[in-house]
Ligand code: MET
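As a starting point, one isolated chain is supplied in structure tokens, in the form predicted on its own.
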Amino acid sequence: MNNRFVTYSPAYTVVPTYECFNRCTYCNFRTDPGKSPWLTLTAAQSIFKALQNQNVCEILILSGEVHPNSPRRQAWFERIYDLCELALSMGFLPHTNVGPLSLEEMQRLKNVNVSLGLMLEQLTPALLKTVHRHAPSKLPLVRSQQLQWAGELKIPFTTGLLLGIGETEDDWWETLEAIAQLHQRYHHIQEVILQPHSPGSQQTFDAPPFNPHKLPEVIFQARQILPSDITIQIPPNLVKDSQWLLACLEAGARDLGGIGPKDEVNPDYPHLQVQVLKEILQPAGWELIPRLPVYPQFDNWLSVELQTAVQSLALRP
């Protein structure tokens, strides 16, 4: 059997709000609190209606963060929940990544999401003095707590590392080891994203892009550290050279993430669309196939309602 296949999720990203109380210096996504109107359910319904014949299966809910103690936090969370519920009712599978959540918030979102996600980025506290100086929710303990709660709640989870924001190589291996240990305990991590820092037009962080020639090496080492049932994902729009992209696959990456019209986190780097990716991959013997935002081994963790939604979108690799 040919196991040279690479997966991707036919996805569309919906942003409830760009406002965020964190100010990470490498961010190209956020606006200040109060400066970004919230997406209405009416507007979302129009978006979802237009997507119904577009072969999209995943609605990625990606939001800036409202402070946990803000009087607007509850309304923000309810908007996210309602968007997930709406997406589900219109035939899509929601995957939410909106920053750290309380245990209760995660518990509720489990009812309307087939999977959740949160980037660990890096677990070194050194970044709290640099790129995360004004980002209270980037505390390493807060973020690793999310992975533990996801495991306890049996939520299929995606996490990842941001490479090239001032950390060391040892920091990479320590963060990957922490993910591996949590997964060995709960068996709940679907994917680990290895995302190279790619400078954008809004950021204040003055640093070069992550060295492209280093990425296959990091992937290879990550494959040694992570359990074999965790998939390594790379964002192909941040891998500018097609030979480099192929080298990443040879090193052990097997997923290209959600592919839609726009990369909201890296708006300066348009997504490579599926046909373009196939033209890069097929001559090298790789087959690109769609997948759902929940992997088959996690189906029995889902409610009956979510299992039914998954079965109706049988886009299985």
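Note that residue numbering begins at 1 and tracks the sequence as displayed. Just so it is clear, the model here is predicted, and its values are computed rather than measured.
If you look for the form predicted in complex with ligand MET, you will not find it shown, but the lines that follow are about it.
Enquirer: Under a 4.5 angstroms heavy atom criterion, identify the one residue in 221, 231, 97, 144 near ligand MET in the model of the complex.
Expert: In short, 97.
Enquirer: Exactly one residue in 277, 62, 44, 57 has a non-hydrogen atom within 4.5 Å of ligand MET in the model of the complex; which is it?
Expert: Of the listed residues, the single hit is 62.
Enquirer: Looking at 103-111, 239-247, 136-144, 178-186, which one sits within 4.5 Å of ligand MET in the model of the complex if you count heavy atoms only?
Expert: Correct option: 136-144.
Enquirer: At 4.5 Å by heavy atoms, is each residue in 5, 251 and 288 next to ligand MET in the model of the complex?
Expert: No, the whole trio is out of contact, none within 4.5 Å by any heavy atom.
Enquirer: Does residue 265 reach ligand MET in the model of the complex if we count a contact as any heavy atom within 4.5 Å?
Expert: Yes, residue 265 sits close enough to ligand MET in the model of the complex that at least one of its heavy atoms falls within 4.5 Å.
Enquirer: Does residue 118 reach ligand MET in the model of the complex, with heavy atoms at most 4.5 Å apart?
Expert: Yes, residue 118 lies within 4.5 Å of ligand MET in the model of the complex.
Enquirer: Whether residue 38 contacts ligand MET in the model of the complex should be assessed with a 4.5 Å heavy atom distance threshold; does it?
Expert: Judged by the heavy-atom cut-off of 4.5 Å, residue 38 is well away from ligand MET in the model of the complex.
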